[in-house]
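Coming up are structure 1 and structure 2: the same protein chain in two forms, each one given alone as structure tokens.
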Structure 1
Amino acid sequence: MAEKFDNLEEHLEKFIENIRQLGIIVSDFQPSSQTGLNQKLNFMISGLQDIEKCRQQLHEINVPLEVFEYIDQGRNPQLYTKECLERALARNEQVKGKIDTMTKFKSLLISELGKVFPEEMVKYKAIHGEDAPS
């Protein structure tokens, strides 16, 4: 898979360089540079065809729209992955905290119910396979 990306990257770099050179030729256009301009335009067309071939190889890859928003904002798209992982970790810690709280609540509830309803709690614990209250 990486070689497909490398291939696309190589074609994009060549295309960008051709566009840069085309811009130089156009900005200082002389009638004598018409041949060079035509050649660069043909290179640009073949470059777009090469990029299209690469696109067909990578059609199954989905990029989250948020990554493009990061790029539009001038931010590093790798920060998207980092921030997603940080959000997932924070959410995981929240859920773990809720689970721990509910486990403590269950223990406390069973303990307190055992004090108020000792016979019923013995039956409950027998059904659920827990030890009898102490």
Structure 2
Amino acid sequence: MAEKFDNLEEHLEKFIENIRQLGIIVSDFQPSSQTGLNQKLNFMISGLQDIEKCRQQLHEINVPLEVFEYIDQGRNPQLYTKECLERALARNEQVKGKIDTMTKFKSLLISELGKVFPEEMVKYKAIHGEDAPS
């Protein structure tokens, strides 16, 4: 899995470097640079071919759309991962709190019902005794 990403990353880096060099040639063009320019243009096309080949290996990868918003705003996409983890942990704690509260309420209710309706609660525990939740 990581190899597919490494392969794509390598091709993208080469492609970007080629484009950058193309930009430098074009920024102050001389007639002698025409051959180099043509070479760079064909490198660009071969780079696109290589990236196209990588696409087939990565068609199962899903990227959340929210990450694109971070990138479009010029923000680090790792912030999205960070915020996802923080939200997951906060939600986990919230649900754990609810479960703990409900568990305490259940035990309190059973104990109070046992005081008010002792016989019925004995029967209830006898019925639910096998599958009573912990």
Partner chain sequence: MTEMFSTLFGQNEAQGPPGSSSLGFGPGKPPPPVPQNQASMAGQMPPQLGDEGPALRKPGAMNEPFYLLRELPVGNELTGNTNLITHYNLEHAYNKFCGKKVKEKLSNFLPELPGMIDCPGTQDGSSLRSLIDKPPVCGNSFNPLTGALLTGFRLHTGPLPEQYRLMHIQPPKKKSKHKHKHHRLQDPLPQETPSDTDPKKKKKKRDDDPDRKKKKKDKKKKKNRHSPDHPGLAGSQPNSNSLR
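Everything quoted here is computed from the prediction, not taken from an experiment. If you superpose the two forms and keep the largest set of C-alpha atoms that fall within 1.5 Å, you have the rigid core. Residue numbering: sequential along structure 1, first residue numbered 1.
Between the two chain copies, the one drawn from the form predicted on its own is structure 1. Here residue 83 counts as shifted, since its C-alpha moves by at least 2 Å between structures 1 and 2 after the core is aligned.
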